[in-house]
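Quick heads-up: the structure tokens below are two forms of one chain, split into structure 1 and structure 2.
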Structure 1
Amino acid sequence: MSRRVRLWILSAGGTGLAVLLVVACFQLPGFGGDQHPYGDRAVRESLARRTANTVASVNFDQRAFDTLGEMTILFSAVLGTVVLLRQTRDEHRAKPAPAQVAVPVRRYALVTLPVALLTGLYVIAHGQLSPGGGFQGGVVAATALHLLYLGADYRALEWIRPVGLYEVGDALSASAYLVLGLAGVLAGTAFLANTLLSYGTFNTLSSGGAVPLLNAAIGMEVACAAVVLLARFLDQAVEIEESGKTGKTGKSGE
């Protein structure tokens, strides 16, 4: 339908919803209020299990089933992207020309790469102590790997990260999370129960029972997933060409 009709419907629906939401906002308990029953219970439970970072305890211990769902969404989104961006029959791979990169940028990339990888691992490892965790650390580590693409060129990146290996890594770490959950059922308690391992002493690396293990599994899964995701997008943007088109692949080799 024409743009004008669409604007009319949009403004009608939008204003109706806006009025409803604004009135609801005024009914909400005031911002910064003191009434958070669920939050206080969660803090008490997390301290009881000696996990310093309450958010990690909620994520990997109290509501671990949610995190299982979120991890599966991540896994299926990456699997979907792999399936959607596969190389169809009418496409061929054109080798990208090596790009020249300014010397200071190359030096900066090579210096920052190890630091970034170290920071990523640090964020994952200290997930249940200081702010951080599997999700954030995984993304930082994956981005660090792609510094090579920014610093050097695409072939250097492809050399150090065989995509197949990361896809298997992604799937295996996802199944590791599930097996850790199933361990609870096999041991007689409930699925994803955190009652098997000892909780260790407060504020140390091994505190919180299964939380660090689940954290590590998620960290590896997110890192591999992000690498596979970027690999697929880079393939599309850099390598896969339409074999149907006659035009040369342009100077913009990466």
Structure 2
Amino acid sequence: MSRRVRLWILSAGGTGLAVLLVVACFQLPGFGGDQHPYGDRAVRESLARRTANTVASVNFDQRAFDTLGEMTILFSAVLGTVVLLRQTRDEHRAKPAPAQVAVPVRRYALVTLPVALLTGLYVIAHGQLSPGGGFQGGVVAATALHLLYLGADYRALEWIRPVGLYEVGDALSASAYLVLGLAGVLAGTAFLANTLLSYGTFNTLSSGGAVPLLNAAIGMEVACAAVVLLARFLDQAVEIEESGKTGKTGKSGE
């Protein structure tokens, strides 16, 4: 396919999308009004399925298929990073030297790490009840692990961050989301339909039907994906060198 044909296809698709967006905008409620039909419907459906956090209900129930697309984008980014930043034949790994970290920094990082990790897990577990959820909690949990890089050194981070296990965790979490979606199809309803499990008691951890499970799957997928992404970039900055080059020390914060 020539460059001109590709540009024509791109222009046609872009024009069609622009027309659809403009037409859709004409159907939106007036700006600044007191009528919010979409918000009212979202809240009504959230309460009907006993999900206290309406945003979680939108993400993992009313528009769970959209969340699948977002998860796919992140998973693809991780896959692309792993492929592009893999060690090549003209590169080798140089073990980083132990880092010298100031005592106050070390103490702060080591005290904050478990608190931040528990906070991330708490945000994931309570995603259907309070602001936050799998996306936010997953990032917090992944970031917490890297406080060890600031408080100790890169070798300590490697000890608690076996990249292979996190890659497997990323794939299993993404698969779990798909399996939960396909369960609805096998039951004769619809993909990602929140109709298989009891909605439970409002404002409890077990409320919301499938929302807590989908939220947990996203939380683990985001956490594992963030760890793998940072690991690949840190490898390039700290360990991997071109053949014949030396001089990297691997100091914390490099």
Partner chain sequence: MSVLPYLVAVWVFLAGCYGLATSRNLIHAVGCLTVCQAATYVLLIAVGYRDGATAPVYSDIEPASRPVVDPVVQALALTDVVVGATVTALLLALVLQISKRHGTVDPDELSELRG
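Between two forms, the rigid core is the largest collection of C-alphas that superpose within 1.5 Å. Along the sequence of structure 1, residues get numbers from 1 upward. For clarity, every value in this text was computed on a predicted model and none was experimentally measured.
Chemist: Decide which single structure shows the form predicted in complex with the partner chain, answering 1 or 2.
Modeler: Answer to the question: structure 1 is the form predicted in complex with the partner chain, whereas structure 2 comes from elsewhere.
Chemist: So between structure 1 and structure 2, P131 and A183, one rigid part or not?
Modeler: Yes - P131 and A183 lie in one rigid part, which moves as a whole between structure 1 and structure 2.
Chemist: Report the hinge rotation between structure 1 and structure 2 as a whole number of degrees, treating the chain as two rigid parts and superposing on C-alpha atoms.
Modeler: The smaller domain rotates by 52 degrees relative to the larger one between structure 1 and structure 2.
Chemist: When the rigid core is overlaid, by how much has the CA of G32 moved between structure 1 and structure 2, in Å to one decimal?
Modeler: Its C-alpha moves by 3.8 Å once the cores are overlaid.
Chemist: Fitting the two forms on their rigid core, what distance in Å separates the Cα positions of L10 between structure 1 and structure 2?
Modeler: For L10, the C-alpha ends up 20.7 Å from its position in the other form.
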